[in-house]
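Coming up is one lone chain in structure tokens, specifically the form predicted on its own.
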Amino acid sequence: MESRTHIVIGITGGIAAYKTMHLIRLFKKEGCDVKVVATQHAMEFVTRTTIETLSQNPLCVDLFDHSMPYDVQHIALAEWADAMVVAPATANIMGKFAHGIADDLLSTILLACPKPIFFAPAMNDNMYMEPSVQQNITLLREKGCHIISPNSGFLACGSNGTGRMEEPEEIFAEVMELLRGPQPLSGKRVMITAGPTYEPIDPVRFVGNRSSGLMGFALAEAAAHLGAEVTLVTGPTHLQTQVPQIHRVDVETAEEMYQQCMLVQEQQDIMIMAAAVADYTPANPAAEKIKKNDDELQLQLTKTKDILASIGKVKRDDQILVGFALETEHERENALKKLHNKNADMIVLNSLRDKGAGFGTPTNKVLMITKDEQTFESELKSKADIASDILNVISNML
């Protein structure tokens, strides 16, 4: 999808307008150019400064605003948009558009816009279920509009019913799904592991490694953008993701990661083991903090369960299993051994010899080897780009 997709967001006068601020951020994070059109009543709930800061564009409110860089503002915005999203959509704005009424900037843009239009209704449950409102929603659907139905729950008026605006993540996902069109991983379930594991020595100390989780998170977001439903099993990390198609499961130890992976592996189409799982864990973690009394401290370590090998033993022929290997010597030889011994379909080889690759860096350089020993080598580039390369190879394998 083109990186600068144009989104016009319409905000009308409802308390849910505060949630639209997060929707703007989601589109901006995706790389979209966002322009916001608000009604006069919407400005009772949100501020110009907030909207313009988040959208990085001037806010449009007045139909006859001569400060704007074009004369016929509603036509220019309608032609500029790749899609329009009205959130929250009041009964008033939906009724206007259903019957061809244009008496402010937002309603005139809607009439002039030939691109996909989405409405996310938000109102009191009695208003939403009122027959004339439902008739208008039916008319909007017949006109080709996309109605993102509201949720049930506690409403601002104090009642409990249907009328809560759908969450911004779900609105964003529905709009982007239409704009992107069919994706290589649409309908696929993908499990990805990320980050380190922490193996406790005592309540405050652990055995761990320097993995940041950047590669695993990049893979999760790239897979979601290709249409997949992603389960991200991650060890301790400061990283966050707001992509709605990603279900995040936080774990700490290798045993916890093993349990979570084995719990969901049967339902997956693709499994990518990008986490840096500890090979050993303290045999007898202390229940209390170990005091610094002795000159030496000996730890007895036991081997952790091999998650990649365990999944490799039970995976079906219609599942794709991808492992990662970080090597410091005999890189290709060791990677091939890991690929075949663990019944993986592809191994992604990292080498600490490559400057700018490996733990804690925003860049990476990898060699991908498939089970029939085809190789795909990347240049040093961002981990987001590396993730795209890996998923492109996986998509071709499908």
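Quick note: we count residues from 1 along the sequence shown, nothing fancier. Keep in mind that this is a model prediction, so the values were computed, not measured.
Not on display, but discussed next: the form predicted in complex with a small molecule.
Taking non-hydrogen atoms only, residue 324 approaches the small molecule to within 4.5 angstroms in the predicted bound form. Among heavy atoms of residue 145, none comes within 4.5 Å of the small molecule in the predicted bound form. Contact check for residue 308: a non-hydrogen atom falls within 4.5 Å of the small molecule in the predicted bound form. The closest non-hydrogen atom of residue 273 lies within 4.5 Å of the small molecule in the predicted bound form. Among the residues 233, 277, 222, 165, the one placing a heavy atom within 4.5 Å of the small molecule in the predicted bound form is 277.
304 is the sole member of 304, 319, 183, 241 with a non-hydrogen atom within 4.5 Å of the small molecule in the predicted bound form. In short, of 31 to 39, 56 to 64, 369 to 377, 325 to 333 it is 325 to 333 that has heavy atoms within 4.5 Å of the small molecule in the predicted bound form.
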